[in-house]
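Presented as C-alpha cells, the chain that follows is alone, the form predicted alone.
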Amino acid sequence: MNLKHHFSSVLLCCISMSFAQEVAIDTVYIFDSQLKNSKKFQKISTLNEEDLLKNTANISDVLRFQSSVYIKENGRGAVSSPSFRGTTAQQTAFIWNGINVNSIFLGQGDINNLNLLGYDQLEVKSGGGSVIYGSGAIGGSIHMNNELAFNKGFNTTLFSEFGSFNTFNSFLKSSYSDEKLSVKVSGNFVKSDNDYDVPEKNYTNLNGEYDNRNFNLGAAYRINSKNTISWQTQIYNGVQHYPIFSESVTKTKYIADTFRSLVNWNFHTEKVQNIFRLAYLEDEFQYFSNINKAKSSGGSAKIYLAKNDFNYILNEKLAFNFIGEYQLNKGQGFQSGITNVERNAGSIAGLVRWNPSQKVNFEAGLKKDFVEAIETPVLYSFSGKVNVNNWYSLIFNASKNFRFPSFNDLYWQPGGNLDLKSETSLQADLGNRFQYKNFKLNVTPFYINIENMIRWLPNSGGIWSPSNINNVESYGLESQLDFVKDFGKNNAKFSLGYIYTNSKNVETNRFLSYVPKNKIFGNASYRYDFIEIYAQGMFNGLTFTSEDEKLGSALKSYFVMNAGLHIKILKHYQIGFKANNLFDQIYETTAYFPLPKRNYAANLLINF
C-alpha cells in the first residue's frame, strides 16, 4: 500500500491550485444513477454533509441516531455491523458509488472500517435490492456516494474536531469545476485513545485505540453534450485495537487497507442513456493476536469488475433498462486455510418502467446471476406507486433476493463448507406516504421470509462450521414523520422514526438475537441566522443476545440523547460544540461492551 499512499500525497498537493471565481451551480454528477429510480418506490433516507457533521465519531453513530438501522458495536470504534428489518449484517449491502463492495471474505462490511467523512452523502434504503445491487441486498443497502458538480468554481472546506478520550477528527476537501471539467480531492484523518470508563459496570475500554485515514480523488470531463467520462478513487488505511477486559489479557489489533478505483463512461441522448463502468477493488487485512508479534492471520482480495447499464426510453410512458455485469474475484489468505482462490461471477438483468399516467407508476425487474460452482436462483422485483390524491400515495414492493456464500463460508479451514446453498428471501412491503404542508409521514409495514440462512455453529467435532440450517420469518413496521419550515432567517427541522420488528427462527419459534423489537429515533434542529441548535435521541427496546430468549443476558432498553450547537462567527468560519449521551446513560449494543457515558467534542469548520 506504500505506493498508494505516495499516490495520495502527490495528489493532495494539487488542492493548492487556484482557479476561477465561483459561478452559478450547473449540474451534479452522481455515480449511482439507479438510486434515483428507487426513490420513487422505496423509502430512502438521505444524509448530506450537514447531517454527517452532527455525528462525526463514525458511521455507526450516524446510522444509530439518524436512521432505522440497528447497529451492533463491540465498543466505540470497534467492530460494528448494521442490520435492517430483522435480518443480519451479511444481508446488508454496502454500495460505493453504485457498485457492491461487501467483503468477498466475510460477505459483509465493518462500518467502523469506513471513514465517515470520505463521502459526500450517505443514503439508507430499506428492503430488498438484489436485482439492481446484487448479493447481500436482502434487508437493505447503505449507499456511500461521492458527487461531482459542474460549473461551480473553486471551493475548499476544512473541518477539525477535538473530543473526549483524546479524539481528533479532521478533513480537507477541495473542488474545482467549470462547464467541461470537475475535480474534487479530499483527505481525512481520525485518531482516538478511546480509553473511556463506565464505573457502574467496572469497565474500562482497555486497548480500544484506533486511527484511520482516507483519501479520495474524483474527476469528470464532458467530452461533448452526449458523453461524459468520470473517475472515482479511494484509498483507506485503518488500525483498530480490540478492547480487552483486563491488563493481563494479551492485546490484539486489526489493520485494514482498501483501494477502490471506478471509471464511468456516460452516454446519453433524448432516447438512450448508457453507463459503462470499469472498477478495480482491493482489500487487505491483517490480524495480530499479539500486537507485539507478527500477524497471526490475514488475507487480500482483488475484484475486477465490468458493468453496463443501458436505458432506452421508448416514450414518456415506457422505458427499458438492461444491466450486465462481470466480476473476477481473487482471494489469498494467510493462516486461514485459504490459499489462492478465484471465482467468476456475472449477471444479466432487465427492468421495465411503465408510467401510464402522472399518478400511476410501475417497475418490474428480472435477474439471473451466474456464480462459479454455486447455484443461484432467478430473482425478480415488482413495484407500483399510485398517487391517490395530492396528499397521499400508496406504494407496493415485492421481490426475491439472495446472498451467495463468501470465501470464508466456503474455504476457511478448519470448517469451510463447499456444499453451501445461497440464502434466498421473499419479501413485500406496502408504503403509505402522506404529505400536508410542511409535514411528511411514511408508514411501511413489511414482511420477509428467508430460506437457507447460513449459520456458523459448532459441528459434531466441536469445530465451527457454516451450514444452511435456518428459515427466518420477519415482519414489522417502519414509520417516519418529517417537518421542515423556513421563515425569514429561521429554519426548523424535525424528524421522528419508529420501527417495530418481529423476527423469528421458524424452526424454534424464538426471536433472533440482536434484533430489538422496538427502536425510536428523533432529530430536531432550529437555526436563526448565524446560530443553530440541535438535539438527537434514540430509544432501543429489550434485545436478546442469545437464541434461547434468556432475559438474564438480554440487553436492557435504553434512551440516549445528544445535543449541540453551531455558530457562524465570520462569513466563512463556523464553530461547534456537542455533548454526547447527555443523560449519562449506561448502555450496550453488544453484550459486555458498554458504550461511552457523557462526553464532549468541539469543532471548527471553514468554507472558502
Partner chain sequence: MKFPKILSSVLALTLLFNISCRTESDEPIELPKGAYENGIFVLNEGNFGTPSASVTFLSNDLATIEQDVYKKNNGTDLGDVLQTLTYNGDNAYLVLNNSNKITVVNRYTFKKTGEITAQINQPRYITIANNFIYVTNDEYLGPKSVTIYKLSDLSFVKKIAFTDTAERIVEAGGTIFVQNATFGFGNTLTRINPATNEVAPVVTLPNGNINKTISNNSTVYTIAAGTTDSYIYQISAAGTITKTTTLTGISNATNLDIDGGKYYFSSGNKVYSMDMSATVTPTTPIVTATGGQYSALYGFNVINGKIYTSDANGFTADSKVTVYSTTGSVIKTFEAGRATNGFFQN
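Residue numbers count along the first chain shown, from 1. Small disclaimer: the values here were computed from a predicted structure and weren't measured.
The next section is about a form of this same protein that is not shown, the form predicted together with the partner chain.
Between the partner chain and the residues N355, N432, Q335, N438, the one pair within 4.5 Å by heavy atoms in the model of the complex involves Q335.
N290 is the sole member of N452, T508, N227, N290 with a non-hydrogen atom within 4.5 Å of the partner chain in the model of the complex.
Exactly one of the stretches 323 to 331, 300 to 308, 243 to 251, 268 to 276 approaches the partner chain in the model of the complex with heavy atoms within 4.5 Å, and it is 243 to 251.
Interface membership of L418, defined by any non-hydrogen atom within 4.5 Å of the partner chain in the model of the complex, is ruled out. Contact check for N389: every heavy atom lies farther than 4.5 Å from the partner chain in the model of the complex.
Among heavy atoms of S160, none comes within 4.5 Å of the partner chain in the model of the complex. Contact between L457 and the partner chain in the model of the complex is found at the 4.5 Å heavy atom cutoff. For the partner-free chain shown, nothing in 344 to 381 comes within 4.5 angstroms of the partner chain in the model of the complex, judged by any non-hydrogen atom.
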